[in-house]
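The chain that follows stands alone, in the form predicted alone, written as structure tokens.
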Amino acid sequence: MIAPLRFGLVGTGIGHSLSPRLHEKAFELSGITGSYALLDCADASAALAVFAQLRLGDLDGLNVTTPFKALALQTADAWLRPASHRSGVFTHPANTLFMQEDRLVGSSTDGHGLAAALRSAQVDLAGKRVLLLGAGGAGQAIAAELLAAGAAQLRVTNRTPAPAHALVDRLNAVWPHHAHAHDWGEARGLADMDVIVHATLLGHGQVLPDTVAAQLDWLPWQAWAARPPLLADLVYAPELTPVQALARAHGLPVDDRLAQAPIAGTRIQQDNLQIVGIIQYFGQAMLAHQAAGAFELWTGVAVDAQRMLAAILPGATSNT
């Protein structure tokens, strides 16, 4: 008999995480027996102790979130590069760890999760102008995916400029002249963006809506209200995230095509739907797809991310 598999999430302040529910659904869909625990670590030494358990075989796979993604990459013996990164080397913080023979391997399924979530919402990035807010762990992981999906222009802005410039340099080594660093607080040149991807920590945890509004009041909300871009927020919330609520307060409509999805089977159609407004439940969709990617790395078994997503949408029951 094969022993139950033991997976978990390493991070700080992760009690709100939907990952256990997602992986409970993945176990159900795959027929694999296992458990998924929230491993809240106060500091780097505690996180390293959990990583050591993976090396010793006491755990079978780990997801990693803020603030330990960079530490996970530094600790790993090898890096599994996403296929979408082509010939470029984008060593960015890892959100997934597993053992391969005697090596601790780090990878990231965030980029896969972003691309799959966009497809599930019927969004085609080909030829689009994209603004990426945030060049931290998540932003670094998804930036190459945005260009690989065909974005014509990617502007990257970060409250601390150095990470944005470093990321843009790496991207332009593979997609010359497609990526541009943009000064945080400078609205000029952003009015005609087609897609906004929010990947900062604003809206996580106990950040108050007024704080979010104060940090993002420089964005060209008035211009966007007149010509709404699509807003995809990597944060998730039961309804609208603080950033999404701010956008709606400025007049952006809510695009709830993910909430309306039948989930079973693909919803991608041939007609090019208008990209406009706030993608509600986008953070949940990205989380579900990146979780499915991690589960496949750990087990070799592909699971239906759309059915995993259905299990965490508002109103879902544990046996969805």
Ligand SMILES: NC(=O)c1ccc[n+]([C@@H]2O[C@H](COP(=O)([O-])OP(=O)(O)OC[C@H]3O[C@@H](n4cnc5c(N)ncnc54)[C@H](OP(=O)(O)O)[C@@H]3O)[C@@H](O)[C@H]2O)c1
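Model, not experiment: these values are computed from the prediction. So that there is no doubt, residue numbering starts at 1 and follows the sequence shown.
The form predicted together with the ligand is left out here; the points below concern that form.
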Checklist entry - Of these, 251 to 259, 54 to 62, 32 to 40, 279 to 287, which stretch puts a heavy atom within 4.5 angstroms of the ligand in the predicted bound form? => result 279 to 287
Checklist entry - Taking 138, 202 and 234 as the candidate spot, are all three within 4.5 angstroms of the ligand in the predicted bound form by heavy atoms? => result yes
Next on the checklist: Residue-level question: is residue 184 within 4.5 Å of the ligand in the predicted bound form, judged on heavy atoms?
Outcome noted: yes
Item to check | Partner proximity in the predicted bound form: residue 158 to the ligand, non-hydrogen atom cutoff 4.5 Å | outcome: yes
Checklist entry - Closest heavy atom of residue 75 to the ligand in the predicted bound form, within 4.5 Å or not? => result no
Checklist entry - Does any heavy atom of residue 172 come within 4.5 Å of a heavy atom of the ligand in the predicted bound form? => result no
Item to check | Contact residue in the predicted bound form, from 106, 242, 229, 134 (heavy atom within 4.5 Å of the ligand) | outcome: 134
